[in-house]
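Single chain ahead, by itself, as structure tokens, in the form predicted alone.
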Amino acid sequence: MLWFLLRRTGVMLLTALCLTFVVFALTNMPAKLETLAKTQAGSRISDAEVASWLERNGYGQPMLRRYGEWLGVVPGWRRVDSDGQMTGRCYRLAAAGATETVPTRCGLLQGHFGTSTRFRAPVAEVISDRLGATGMLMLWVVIVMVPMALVVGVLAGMREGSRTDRSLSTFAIASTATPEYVSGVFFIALLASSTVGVSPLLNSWGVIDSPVLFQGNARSAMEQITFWNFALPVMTIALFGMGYIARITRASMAEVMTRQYIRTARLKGARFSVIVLRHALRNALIAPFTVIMLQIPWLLNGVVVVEVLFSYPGFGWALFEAAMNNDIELLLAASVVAVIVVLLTQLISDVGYAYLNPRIRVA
């Protein structure tokens, strides 16, 4: 197991290096840099002024060198201004309060992600704040989504081909086939609108005092999470993600129920509930475990639509803002976080799968 972990760690580092270079190359294309210069210095500046701005801000160097500076393996660029003041990548980080002294290298390996041009703050602060908000959203989504998906999958797979199986399978397929922007708009119109849906009826009947039952804007959840301002985004994401887990659980449960030891337990006269809970359920949950772990990186990157739709300023919202405003440093930091989460969840999934399945441990 130790050799397996070391080998996988090496592969993860190599994969992360390749993926970050691809993202760096895409975000530092000439057209992107020109857009960044016009965003920061003015949209009507000339081509010569664009080139001058890029040169003054360290973007005129070769891409491989700038990638090395961003990683922290190459010394950051420095230059002397016309008034004799020294400036550079590391000097700006020190001026922004990211470090007390001016180091030679100030990149990813040193814990410095640069400064966000959109939020005018160190990228590390922006990422940590927004990642914490999305982490809370992901936590509640997992709490709601996983048990609901497992119950639907187990009930559907217990009696394959029955009316219950067909009904629950149809529900799982429909939930997976419905994008978040469709279900989110539907929930807002049905439960969070003062003109349509059930809220006007409940208000006219005196059931609720407020004009809406749920809040369609989740920004207030940043200060205090309540059921009324957090339920709709959680339901939107959980409904879309549960269908796939339920289908995998159903297929695994249906396969386990046809195994020889299940038939033996039935011939011995064991109750059906005992057969399902004691013999079938543990083996049926091996395959869904991997799927559940792979849902975590999807939750991190797939919440962009939901967070923008419900105005929840989390990680997805920050990624959307960075893409819309061509914030290169924030986009790079977000890609690093996404790559780390994906690789770590895959490693945990492989290790957990090996512990759950004895045949893989023996192999």
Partner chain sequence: MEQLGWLAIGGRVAVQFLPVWAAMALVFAVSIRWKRRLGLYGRVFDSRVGTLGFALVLFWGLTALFADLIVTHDPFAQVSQMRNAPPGTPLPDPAGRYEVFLLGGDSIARDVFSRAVMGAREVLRIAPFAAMISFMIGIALGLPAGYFGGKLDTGLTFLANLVLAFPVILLFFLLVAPDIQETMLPVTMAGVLFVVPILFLTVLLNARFFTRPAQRNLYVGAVLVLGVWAWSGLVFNADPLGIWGMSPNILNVFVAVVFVNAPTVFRIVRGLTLDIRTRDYVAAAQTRGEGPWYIMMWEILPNARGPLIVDFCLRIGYTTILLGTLGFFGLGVSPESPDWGSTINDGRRLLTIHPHAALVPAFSLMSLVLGLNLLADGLREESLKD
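Everything numeric here is computed off the predicted structure, so don't read it as measured data. Numbering follows the first chain given and starts at 1.
There is another form of the same protein, the form predicted in complex with its partner chain; it is not shown, and what comes next is about it.
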Since the chain is shown here on its own, which stretch among 224 to 232, 276 to 284, 184 to 192, 110 to 118 would lie within 4.5 Å of its partner chain in the model of the complex, judged by heavy atoms?
184 to 192
Would you confirm whether the three residues 15, 18 and 335 all fall within 4.5 Å of its partner chain in the model of the complex, going by non-hydrogen atoms?
yes
Can you pick out, from 177, 139, 207, 86, the residue that has a heavy atom within 4.5 Å of its partner chain in the model of the complex?
177
In the model of the complex, which of the listed residues (296, 45, 51, 305) lies with a heavy atom within 4.5 Å of its partner chain?
305
Even though its partner chain is not shown here, does residue 27 get within 4.5 Å of it in the model of the complex, heavy atoms only?
yes
My question is simply whether residue 309 lines the interface with its partner chain in the model of the complex - judged by any non-hydrogen atom within 4.5 Å.
yes
Taking its partner chain as it sits in the model of the complex, is residue 196 near enough to touch it, meaning that at least one heavy atom pair lies within 4.5 angstroms?
yes
Taking 4.5 angstroms as the cut-off for heavy atoms, does residue 166 touch its partner chain in the model of the complex?
yes
Partner contacts in the model of the complex for 235 to 268 (non-hydrogen atom within 4.5 angstroms of its partner chain)
240, 247
